[in-house]
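In structure tokens, one chain follows: the form predicted alone.
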Amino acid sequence: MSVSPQPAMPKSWRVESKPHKFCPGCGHGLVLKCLGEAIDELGIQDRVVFGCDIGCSLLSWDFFNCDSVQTHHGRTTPVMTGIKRANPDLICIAYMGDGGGYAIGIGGIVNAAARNEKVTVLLANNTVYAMTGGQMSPCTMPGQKVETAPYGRDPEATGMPTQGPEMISAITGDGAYVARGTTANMRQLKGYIKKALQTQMEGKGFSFVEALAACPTNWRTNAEKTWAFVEKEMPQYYKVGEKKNPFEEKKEAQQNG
């Protein structure tokens, strides 16, 4: 089955990018590539405000040719919520890592999700606090060895890793979009990000995408072991897929109606 190519967007609308500043093999660049292509294909560059958190995610502050703001650690979601409320025509994107999102920033995400704020949160989950040396984060997996858990994470002592999309899908109202993708499947991840942005564009509700990503520098893994961890080990605990999809719900309602 052949697919007709989409017409090229006007050059003035395109997201122009440059080489990223992340470590070799880092997953942030892949996640941001998917985001940039999604913005490009939706033709919304002139409406986008991109907010990034402290941590490795802050290196994306000047990655795209669009309005951007770097926030204090854990405050990206509230800042983007404020911008969206001040100017509802903007497409507000909050970008962060699992430390900034699920630790210091969890209050902002939970409350924005509960209020069904019309913003999009994109979170890269690499299971560690990467910029500060690879300490245990909310998403460090059971048994995973990191700087502050050299014998592996012990759930008896530190609890189980945070299941962000599952939690958010449970507290959001109708119209929200929630998914978990992976850099091991870029086409699928970009599709999830596009649906999240479309959810905001149509004013449906809060949209959230977690992306499983690599951190070979702090995992201390070679290319083969890095890819095996992202592609095979992480999805065993972090199940990839859509958790809440207002577009499917609407389709089902129309079919049943």
Partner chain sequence: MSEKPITGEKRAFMTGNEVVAWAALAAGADIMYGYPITPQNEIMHYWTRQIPKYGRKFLQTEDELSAGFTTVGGVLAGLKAFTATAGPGNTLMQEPLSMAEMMRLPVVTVVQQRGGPSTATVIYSQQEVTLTTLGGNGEGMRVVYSPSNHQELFDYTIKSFNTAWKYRFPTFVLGDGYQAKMRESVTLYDPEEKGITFVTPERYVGKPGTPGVDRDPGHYRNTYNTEEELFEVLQQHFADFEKMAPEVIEYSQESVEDADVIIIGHGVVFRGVRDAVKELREEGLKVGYFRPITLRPFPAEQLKALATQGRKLLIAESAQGQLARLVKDAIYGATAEIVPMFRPGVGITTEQIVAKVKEVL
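Positions refer to the first chain, counted from 1. Please read these numbers as outputs of a predicted model, since none were measured by experiment.
The same protein also has a form predicted together with the partner chain, omitted here; what follows describes it.
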Query raised in the report: Would the partner chain in the predicted bound form be within 4.5 angstroms of a non-hydrogen atom of every residue among 115, 169 and 181?
Result: no
Query raised in the report: Heavy atom to heavy atom, is residue 54 within 4.5 Å of the partner chain in the predicted bound form?
Result: yes
Report task. Indicate whether residue 177 is a 4.5 Å heavy atom neighbour of the partner chain in the predicted bound form. Result -> no
**Report entry** in the predicted bound form, residue 88 touching the partner chain (heavy atom, 4.5 Å)
**Finding:** no
Query raised in the report: Is the gap between residue 103 and the partner chain in the predicted bound form 4.5 Å or less for some heavy atom pair?
Result: yes
Query raised in the report: Looking at 117 to 125, 132 to 140, 161 to 169, 76 to 84, which lies within 4.5 angstroms of the partner chain in the predicted bound form, counting heavy atoms?
Result: 132 to 140
Report summary line: Within 69 to 102, the residues having any heavy atom within 4.5 Å of the partner chain in the predicted bound form are 71, 72, 73, 75, 99
